[in-house]
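A single chain comes next, written as structure tokens; it is the form predicted on its own.
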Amino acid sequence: MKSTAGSFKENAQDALKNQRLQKSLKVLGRGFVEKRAKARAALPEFDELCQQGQAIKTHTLKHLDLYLEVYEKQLVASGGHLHLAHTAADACEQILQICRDKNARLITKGKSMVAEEIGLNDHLEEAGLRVLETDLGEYIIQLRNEPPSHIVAPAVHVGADQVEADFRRVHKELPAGRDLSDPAALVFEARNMLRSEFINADIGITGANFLIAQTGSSVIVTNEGNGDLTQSLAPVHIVITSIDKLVPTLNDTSTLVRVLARSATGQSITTYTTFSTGPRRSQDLDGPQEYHVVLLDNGRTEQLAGEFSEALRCIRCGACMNHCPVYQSIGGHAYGWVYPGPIGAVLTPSFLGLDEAADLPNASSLCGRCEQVCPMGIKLPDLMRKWREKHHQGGGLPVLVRSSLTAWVIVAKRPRLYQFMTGIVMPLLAKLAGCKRNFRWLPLATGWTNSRDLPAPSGKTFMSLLKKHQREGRL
């Protein structure tokens, strides 16, 4: 996927002005947040399961080389084929080669963020293949030629009226008089269009939420069943996923599945949770004749060895972005790459570099809400802070920002100087604000005041009030 992360500030400004997007984001904030809270409250052992999940992922990443060997052995024993891809280009070429070997023309595809990461659709289409997304959200944004704006709900930014317009534009056999005002009618129309494609597909491609070392299996969770049709009807099933999706055992997977659905959509479990192990066996009624797994590194090994390794525990539930006040204000496209929100602010610099993505870790209030709701306990605010430090140390900040931070450090490290300066500035700001008690404009603070009021100080600093109370014997 082509990155526009370097244009984050411009993207964010456009998103704030987009009234339709703002309306969709309000619904998102209420829906996913409230459903997660109810699901968590209904499961007394939820926090314990999260702790178990964190331990599973931490243990697996620490011994990833060993579990990869076990996984490969079990995969091959089940009749599958493993393809290791060091880079995104390697993964695309390996998948294209499989398609060419099978003289494939039509590819049906389930939702996969890793496929978005490597730009798989574009690569296959440039080679003359037809790639059709089968997840409803992904299908909608494919018709609109847009990237996903959320890792769980890729078309959350699109209104029902826009979907209807896109269907009428693309579905040439759709009668003009058919009523598509009801969301159920839109789903029915998409189902009718996709059904024959599932049957005629030469190859089905899916992602994987988990890979199980114990059995050599891949696991996908969906709510539409499109993943099952994609991988069971086509003669060849290709799984594109990354090395961090590995877990040791079936029991470990069940623990993570219980946490994933509740954190992502507030469900006890997704409608379909599908385990795939190798190609069709003689006694199987359906399934692919060939089963391939393309396992992507793409910088994860380097990340695993560094100070951002805990981000690889992520199970892509989207809870961090659902609860993030920044994401709720600007949506996913503003982040400019595959992974938006707080997890994207950590992962994107790891994959693309700070030169491209330096603005992302700075796009946070560091309120800590993302860490609080992350089922894998990833310390996202700390990791974003580390990226900020690296950016500052590398001289990437503008001169005015660097000099301002330097001046702040000088003052903050000297308590008497700090008290003296704040003793002058606080009363001055309070006087300037007057009876309004807030600022609608303030020099050096326009990034805040352009879209919201800035509360004014009361005029008294904490230390001055403390000393006053001490003198009066009130403390």
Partner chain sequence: MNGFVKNIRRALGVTASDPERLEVVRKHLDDHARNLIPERALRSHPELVDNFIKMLESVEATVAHLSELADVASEVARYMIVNDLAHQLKCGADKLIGEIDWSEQSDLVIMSGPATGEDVLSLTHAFAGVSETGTLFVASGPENPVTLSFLPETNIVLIRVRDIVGSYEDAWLKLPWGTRGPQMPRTVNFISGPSRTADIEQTLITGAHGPCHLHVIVVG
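The structure presented is a predicted model; accordingly, all values stated were derived computationally and were not measured. Numbering follows the first chain given and starts at 1.
Not on display, but discussed next: the form predicted together with its partner chain.
Peer 1: Please pick out the stretch from 329-337, 112-120, 346-354, 214-222 that is in contact with its partner chain in the model of the complex, where contact means heavy atoms within 4.5 Å.
Peer 2: Result for this chain: 214-222.
Peer 1: Within 4.5 Å of its partner chain in the model of the complex - does that hold for a heavy atom of every one of P44, A85 and D228?
Peer 2: Yes, all three are in contact.
Peer 1: Which of these residues, A77, C367, V170, A305, gets a heavy atom within 4.5 Å of its partner chain in the model of the complex?
Peer 2: Contact check passes for A305.
Peer 1: Here the chain is shown alone; which of L96, L174, L129, L250 has a heavy atom within 4.5 Å of its partner chain in the model of the complex?
Peer 2: Selected residue: L250.
Peer 1: Is I56 a contact residue for its partner chain in the model of the complex, using a 4.5 Å heavy atom cut-off?
Peer 2: Answer yes; at least one heavy atom of I56 falls within 4.5 Å of its partner chain in the model of the complex.
Peer 1: Looking at the partner-bound form in the model of the complex, is R262 within 4.5 Å of its partner chain by any heavy atom?
Peer 2: Close contact exists here: in the model of the complex, R262 approaches its partner chain to within 4.5 Å, heavy atoms only.
Peer 1: Hey, in the model of the complex, is Q393 touching its partner chain, heavy atoms inside 4.5 Å?
Peer 2: No.
Peer 1: Under a 4.5 Å heavy atom criterion, is A153 part of the interface with its partner chain in the model of the complex?
Peer 2: Taking the distances in the model of the complex, the answer for A153 is yes, it comes within 4.5 Å of its partner chain.
Peer 1: At 4.5 Å, heavy atom to heavy atom, what parts of 48-81 sit next to its partner chain in the model of the complex? List them in sequence order, or say none.
Peer 2: The stretch touches the partner through E48, L49, Q52, I56, H59, L61, K62, H63, L64, D65, L66, Y67, L68, E69, V70, E72.
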